[in-house]
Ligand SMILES: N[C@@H](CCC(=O)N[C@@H](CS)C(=O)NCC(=O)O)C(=O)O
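As a starting point, one isolated chain is supplied in structure tokens, in the form predicted on its own.
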């Protein structure tokens, strides 16, 4: 992997989809390829943790098994939405054609037109031609199906052989999906071993194979395709982005919803404060937040039903670890309106926020 590139492969287990984050380490500019709506908060937390500035999202094609997060990310960050000109999608900020370059800092991706799975499929090739994201055109020892969304097996055969197999053998290929947990392959491997397209298999061999796959359609195709033709701007995508009870919460890359101390001090009356430390800590040197209820972590699961159902909950501990676990426990108990205090009482005290101590 190029050391002058920030690169992360992210996974959505529901759709077995991969999302790719690419960043320039100098300018900190970044691109996100194939975001999944349910994973947008996670992806943006990683962008934030790495200190990147996301310029745009790019979809490799109109997905049939999940809704893209492109429109949601644009609404949150103002990023541009990019997709193929032949995709049929509406609402993008720019429509790409084969050979078009998308820069991020000193780096760039080149869009390669690789239709066949759908008419608007694209492969995104890194500037030094060492890495490509192939969407559903070419998968690890497989390829995208061609039996819906105007798929064309002959077109797909030529896309793979003329665009992807024309790259160097050691060029890394990253797919949009894999249902077996495989993450990456190379041009050389697929050229030799792909059972549909590799070796001496002819166009006729390939089309016959594809015509007899007999696969069921993706379960979400009726929801995903119309939404993705609007770049993910749909009621379903808005529902997936719903916040956990209060707009101030931010999702960490670990999947923990957090609020900062300053916001919490200004909104103490709007939430339930749940301190999950032990009694000696609650009354110890760090003190506790006025109005907080002491409920040690070990007793939380049994006491979850005693909490006010009408108020969001903020969990609190010393440094944020136990309060994060408390959030998970409460989620399992059916409470989704929960966030953890970021940094716990250590950060709260260092910020000089209002604190109650024993005997005070």
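All of these numbers come straight from a predicted model, not from anything done at the bench. Residue numbers count along the first chain shown, from 1.
Below, we turn to the form predicted together with the named molecule, even though it does not appear here.
Check: Out of the stretches listed (187 to 195, 173 to 181, 264 to 272, 91 to 99), which one is close to the named molecule in the predicted complex, meaning heavy atoms within 4.5 Å?
Finding: In the other structure, the partner sits against 173 to 181.
Next item on the list: Consider residue 287 of the chain shown here, and say whether it contacts the named molecule in the predicted complex, taking contact as heavy atoms within 4.5 Å.
Entry: Residue-level check for residue 287: no, no contact with the named molecule.
Notebook entry, point to check: Taking heavy atoms only, is residue 129 within 4.5 angstroms of the named molecule in the predicted complex?
Noted result: Although the named molecule is absent here, residue 129 would stay clear of it in the predicted complex, with no heavy atoms inside 4.5 Å.
Check: Might residue 143 be said to contact the named molecule in the predicted complex, defining contact as any heavy atom within 4.5 Å?
Finding: Output for residue 143 is yes: heavy atoms within 4.5 Å of the named molecule.
Notebook entry, point to check: Is residue 65 a contact residue for the named molecule in the predicted complex, using a 4.5 Å heavy atom cut-off?
Noted result: The answer is yes: residue 65 has a heavy atom within 4.5 Å of the named molecule.
Next item on the list: Answer with one of 109, 112, 139, 160: the residue that has a non-hydrogen atom within 4.5 Å of the named molecule in the predicted complex.
Entry: That would be 139.
Note to self: Does the named molecule, in the predicted complex, lie within 4.5 angstroms of each residue among 254, 318 and 322, using heavy atoms as the measure?
What the structure shows: None of them does, since no heavy atom lies within 4.5 Å of the partner.
Check: Which of the residues spanning 186 to 223 lie within 4.5 Å of the named molecule in the predicted complex, based on heavy atoms?
Finding: If the 4.5 Å heavy-atom criterion is applied to the named molecule in the predicted complex, 186 to 223 yields 196, 215, 217, 218, 219.
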